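Single chain ahead, written as structure tokens, the form predicted on its own.
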């Protein structure tokens, strides 16, 4: 196991846990990492991840988790992403994007039925936020939920939903009161994807993340009872924002994984590949790239762990989560690109995994908050402290 400068920031138990996760990945994921890139991910593999305890590290013990916190979740995210990015995107969409709103705002009955099977990896969750005309502007949501007697009737579309066609449950956000601002009139619902009126329009064909399934979904007169409301009526926007902070921190950890493998491949290759009578690492055009890659990895880990530690202490991490995601996702693209350049023509082939990670990494300056939106959030939080 490679030593990193940032290892001094982790506890002995966290380092031991990382070795456990990596051992699992060595046995269950790396041997089929290239194969499952053709997608979709095997659902049995998510079940193995769940049974190993890696779906519930930041969920409470009374719902089947281990209550270890976001600092352990970012370890899982990095290690699985270092093997196959799309697989961890699917895992995280289920346990973090879907799971965290339910664990933090769900009733005991909701957690029993709609969360515990997800933590075991036996059921799959997804979160329904993005729409055909709504991305970063979540307050502009068009999906509506209208009350009809005791039931609510949902109509709308959700697009770019990770796990959409694979999911058993969706945490869907909809406008329940159009007469007030969306931030006050939005509500979260748990939707059983077997419900009448729920359909998958299609799975999007993506540049990367081929092992995941990212879908376009439609709800036409989907009826749910009041017991399917997550949190309180009108609390949806608060739930959405709460989820995004932990999501962005976990994505930051995934980005370290996307970057780490290309980096390690490039280091090994630059020592073995000879030109002009010496290994190419002897040339500054290569070795300086390695230096920059190593520095970005270490800095990204420190930013990500800081955000995770703060979250576990109950602190607001809107700025810190945004900073971690912004830095690591941009660094992952740069590192994968430099690794591909170091490998030259071989890097552009599928003989090495670098091209796969390059494609996978490119998504994450878009999903979970674009780089532009994150910069806006960071400067806003900075100036809040000054004004």
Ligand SMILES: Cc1cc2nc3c(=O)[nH]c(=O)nc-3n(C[C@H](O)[C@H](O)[C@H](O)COP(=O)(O)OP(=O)(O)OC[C@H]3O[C@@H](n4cnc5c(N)ncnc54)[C@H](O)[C@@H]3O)c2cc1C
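Numbering follows the first chain given and starts at 1. Keep in mind it's a predicted model, so treat the numbers as computed, not measured.
The form predicted in complex with this ligand exists for this protein as well; it is not shown, and the discussion that follows is about that form.
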Exercise for the section: Select from the listed residues 103, 71, 211, 130 the one whose heavy atoms reach within 4.5 Å of this ligand in the model of the complex. Expected result: 130
Problem - Contact residue in the model of the complex, from 231, 185, 117, 135 (heavy atom within 4.5 Å of this ligand) - result: 135
Practice task
May I ask whether 85, 333 and 340 all come within 4.5 angstroms of this ligand in the model of the complex, judged by heavy atoms?
Solution key: no
Exercise for the section: Answer yes if any heavy atom of residue 198 is within 4.5 Å of a heavy atom of this ligand in the model of the complex; otherwise answer no. Expected result: no
Exercise for the section: Report yes if any heavy atom of residue 13 sits within 4.5 Å of a heavy atom of this ligand in the model of the complex; otherwise report no. Expected result: no
Exercise for the section: Answer for residue 97 alone: is it within 4.5 Å of this ligand in the model of the complex, judged on heavy atom distances? Expected result: yes
Practice task
Find out whether any non-hydrogen atom of residue 89 is located within 4.5 angstroms of this ligand in the model of the complex, and reply yes or no.
Solution key: yes
Fill in the blank from the handout: Per contact check vs this ligand in the model of the complex (non-hydrogen atom within 4.5 angstroms), the hit among 313-321, 154-162, 175-183, 294-302 is 154-162
Completion exercise
Those residues of 361-375 with a non-hydrogen atom no more than 4.5 Å from this ligand in the model of the complex are 363, 366, 367, 368, 369, 370, 372, 373
